[in-house]
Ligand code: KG4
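Below, in structure tokens: the form predicted on its own, a single chain.
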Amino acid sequence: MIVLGIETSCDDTGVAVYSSEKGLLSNVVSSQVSLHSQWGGVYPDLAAREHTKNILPVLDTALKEADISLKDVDGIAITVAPGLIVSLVVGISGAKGLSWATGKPLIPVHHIEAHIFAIFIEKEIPFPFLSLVVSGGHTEMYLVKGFGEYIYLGGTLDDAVGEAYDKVARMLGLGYPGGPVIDKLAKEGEEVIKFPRPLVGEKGKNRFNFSFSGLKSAVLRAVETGKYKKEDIAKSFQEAVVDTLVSKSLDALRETGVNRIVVAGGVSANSRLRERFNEVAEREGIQVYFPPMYLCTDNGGMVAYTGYRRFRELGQTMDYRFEGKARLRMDRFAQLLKG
């Protein structure tokens, strides 16, 4: 089976081709980072305009690299939620047009789900497992019992972790995106400030939730004192973030009784996060998995593969009336498709 995957949930235009026999045949991404850097974050209307301009050239390149034509495709997978609605509409409209022209089925994919299953393109992970998805727009934790079987454990109450990185980078005058530059700068610093670890040790309703607004405010106060070097603030901030993510994940692993965790999303590329998770895995006897670097950020490959799994295992498709959703939890998405 050959599936075309389209991803336009935020600012990356991604189109890929996945073959059940040969694996990923192409995975083309057009990034808008340089365009949005002047704003310090993604400007939605500008992102939608660029998707409209880029989607057909990216589609053409993906098909050429895969050495196939549209008639060879068995299904068209498309990210339908969550994301910037103006961006989602561009990809969904394009996918519907391709489906109408070719008669190929439309397969809906959840953005978080695609991040989680990106690693399966290269490595099969046994069920059940815990998944932590960390990116510019999302910080969520799920128990994954099987494909399409998800239990929501918690998520951010305010800023996503990647958003916090971007805002701290802006405070420090480091540019956008903030994740890679803070990760690099932190290697040169020392943890001279013990920033708060928000909600760590919480035993009530927020046990598996996250909050980064207070941490962000603490960083701003430190910056405004003028007493600390940028690299030390970066190091101190990153240690607080990583401690929070690792501690809460370990708590969830113990609570659920599973010993496997998949860490996915753009922030999963962070070197310190990977280092700490690997340390904990060795100490606690758990298995931790990260997607390869090229599958951490938004891409069509993860959508194509996840769409393939949805069609093969569940036979789920969507009709032309299906609309994108700016906000929709992955477990509720799965229930929606089941009817």
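Position 1 is the first residue in the sequence shown; the rest follow in order. All values derive from a computational prediction rather than experimental measurement.
Separately, the form predicted in complex with the ligand exists; it is not shown, and the next lines address it.
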Location of the ligand contact in the predicted complex, chosen stretch of 292 to 300, 275 to 283, 310 to 318, 65 to 73 [non-hydrogen atom, 4.5 Å] | 292 to 300
Looking at Glu239, Asp166, Asp232, Asp159, which is the one with a non-hydrogen atom within 4.5 Å of the ligand in the predicted complex?
-> Asp166
Just one of Pro177, Pro108, Gly94, Gly148 has a heavy atom within 4.5 Å of the ligand in the predicted complex. Which one?
-> Pro177
Would Gly137 sit within 4.5 Å of the ligand in the predicted complex, counting heavy atoms only?
-> yes
Is there any non-hydrogen atom of Ala269 lying within 4.5 Å of the ligand in the predicted complex?
-> yes
Look up in the predicted complex whether Asp183 has a non-hydrogen atom within 4.5 angstroms of the ligand, and give yes or no.
-> yes
